[in-house]
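The data below hold one chain only, encoded as structure tokens and taken in the form predicted on its own.
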């Protein structure tokens, strides 16, 4: 590690979660399948002790192959392991920033800022958790599953993707004790109607006390409908473009509905985790 720097909250705001800017050594950076890579960084215990499920880091992508990504890239925490001294990220190759990340090799250093944002919470009465996400959105739910196992909660993980080859974290969720249900476009099982049927069966069987999801507006709308129908709570980790990651630039503002009013909140600062019923789907 090098260039350690504590990052304060914006002026006038409460500093709920202390974050750090520092350069971490790359331990590994390997393909998971044809679209996704897993990046493992060596990280100190004091940094990992600050991490919570649902939070993110702002990564300063390197210059590579003639491309110079200017803004940092927000990246959800895929895993944090104090005993191994490791911080994990799962990312999809999509543009200049992620192509630059893919160029990193063991021993390289990556500048990171974090952990940032509001994490997931698991209330005492939520004994049966339903995790629903698609593609790389499952990365955000992986540390939540680890925390759920630590608390002794039961889990069902509904994993969706375009093709079985692109299903993410299925074995990891099973290792943590979750019942895993896989849905894919290729098999014709990932449509909203079928997903609704699967979730309704879980509710009928007493296996759903709360929902957790990430990213997808289609899934968000469905879970809001089901949640309202059965009076079930939930939380969503939202994905949004960010420039600063600490609430100063207001680049990541989205609309939310709270107490009958529409609010404009920053995903990086007031989130990225929000009450599922408050998020306004686009």
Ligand SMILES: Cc1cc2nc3c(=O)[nH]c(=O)nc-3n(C[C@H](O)[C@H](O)[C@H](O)COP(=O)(O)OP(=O)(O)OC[C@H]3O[C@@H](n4cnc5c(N)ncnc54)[C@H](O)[C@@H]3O)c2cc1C
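Values in this document were obtained by computation on a predicted structure and should not be read as measured data. Numbering follows the first chain given and starts at 1.
Heads up, the form predicted together with the ligand isn't pictured, but that's what we're talking about next.
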Ligand-site call, the ligand overlaid in the model of the complex, backbone or C-beta contacts under 2.4 Å, 3+ atoms
open
Hey, of 75-83, 142-150, 166-174, 105-113, which bit sits against the ligand in the model of the complex at 4.5 Å between non-hydrogen atoms?
75-83
Taking heavy atoms only, is residue 65 within 4.5 angstroms of the ligand in the model of the complex?
no
Is there any non-hydrogen atom of residue 191 lying within 4.5 Å of the ligand in the model of the complex?
no
Determine whether any heavy atom of residue 136 comes within 4.5 Å of a heavy atom of the ligand in the model of the complex, and answer yes or no.
yes
Check whether residue 26 has any heavy atom within 4.5 Å of a heavy atom of the ligand in the model of the complex, and answer yes or no.
no
Going by heavy atom distances of 4.5 angstroms or less, which of 118, 180, 210, 90 would be at the interface with the ligand in the model of the complex?
90
Given that the ligand is left out here, which of 240, 33, 257, 225 has a heavy atom within 4.5 Å of it in the model of the complex?
240
